[in-house]
Ligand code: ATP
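Only one chain is shown below, in structure tokens, and it's the form predicted on its own.
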Amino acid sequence: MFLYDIRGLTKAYDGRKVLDIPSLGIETGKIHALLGPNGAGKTTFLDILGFLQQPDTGRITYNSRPVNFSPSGLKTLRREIVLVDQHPILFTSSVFKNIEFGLSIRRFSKKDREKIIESVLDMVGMRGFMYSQAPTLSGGETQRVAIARALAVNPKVLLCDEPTSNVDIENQSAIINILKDINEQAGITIIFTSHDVRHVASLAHTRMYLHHGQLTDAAIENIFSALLISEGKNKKRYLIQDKISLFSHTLQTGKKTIVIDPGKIDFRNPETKPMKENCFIGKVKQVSEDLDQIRIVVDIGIWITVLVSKTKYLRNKPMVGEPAAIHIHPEAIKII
């Protein structure tokens, strides 16, 4: 079942279109990652999903009901959806008072407020900081209190803008586990933005990729600016950063933005001289699990991400620091 059903959504600032989403369904009860480079429209999209901004055009259905963007129409919806900013702002008071504020507005009794505050602080591992002053907290601790404050009002949807981007490694791991627990134990739908594919791999059930405000099925780590040049009849190449030249089937020329599908890149024996077009020898920089696949980052002059099945990976087991040869299929390259 779709919690959000979006049709024909657009949003522009000063005549520049920042979102253009023809159709999208977001399932209830799942954890959804929203990925894309800076300026892709991720934060604007989160604001629209939180009903903090209105799209210029399009229709949004939430929980099987068309969304009415009038103040009266949004009042109930905004009680179900909470957004945790990338840089959350806490009041200059205790952690307890910060979380209590939203509950007081909703007229919870003092006894219920205390019970809820203790419960949500337990969920984020911050019970011992209940009476600490918010300005003394670290970035990671502040983010965890902000999540607790959001949970206190019992939302159905939790929106998180880059929840791990400004915190230390220890708190990054803690926040990932907190979001998992929230989803599994409370059934809350979570939509979060991120640049870190490792966190996405360990947390998200689904992924949405935005580039220039449009959804794409390509992973963000293989997006490049390229110059498409002609080298004779029916032969063209993409030149990336004056370092890498890729054979192309396209008839276009000029400056383009391209994506390379990480699932359409093959590994070859690095000891065998590459004979095919688009074959390169480089060095393995990163290896990590990604659901039922293995993500490998190879430096061939530019860093390229490759996704392979665990079976294929076990055939060669390329390790960090070792040489690796890859073949990029021409059909893996798309202009966006």
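Quick caveat, the model's predicted, so the values are computed rather than measured. One-based numbering along the sequence shown.
Beyond the structure shown, there is the form predicted in complex with this ligand, which is absent from this document and is the topic of what follows.
Just one of 296, 31, 49, 40 has a heavy atom within 4.5 Å of this ligand in the model of the complex. Which one? It is 40.
Indicate whether this ligand has at least one heavy atom within 4.5 Å of a heavy atom of residue 236 in the model of the complex. Contact check for residue 236: no, nothing within 4.5 Å of this ligand in the model of the complex.
Answer for residue 100 alone: is it within 4.5 Å of this ligand in the model of the complex, judged on heavy atom distances? No - in the model of the complex, heavy atoms of residue 100 and this ligand never come within 4.5 Å of each other.
Is residue 317 a contact residue for this ligand in the model of the complex, using a 4.5 Å heavy atom cut-off? Because no heavy atom of residue 317 falls inside 4.5 Å of this ligand in the model of the complex, the answer is no.
Does any part of residue 305 reach within 4.5 Å of this ligand in the model of the complex? Heavy atoms only, please. Although this ligand is absent here, residue 305 would stay clear of it in the model of the complex, with no heavy atoms inside 4.5 Å.
Only one of 278-286, 296-304, 32-40, 61-69 gets a heavy atom within 4.5 Å of this ligand in the model of the complex; which is it? Going by heavy atoms within 4.5 Å, the stretch is 32-40.
Stretch 1-34: residues contacting this ligand in the model of the complex, 4.5 Å heavy atom cut-off: Contacts from 1-34: 13, 14, 16, 18.
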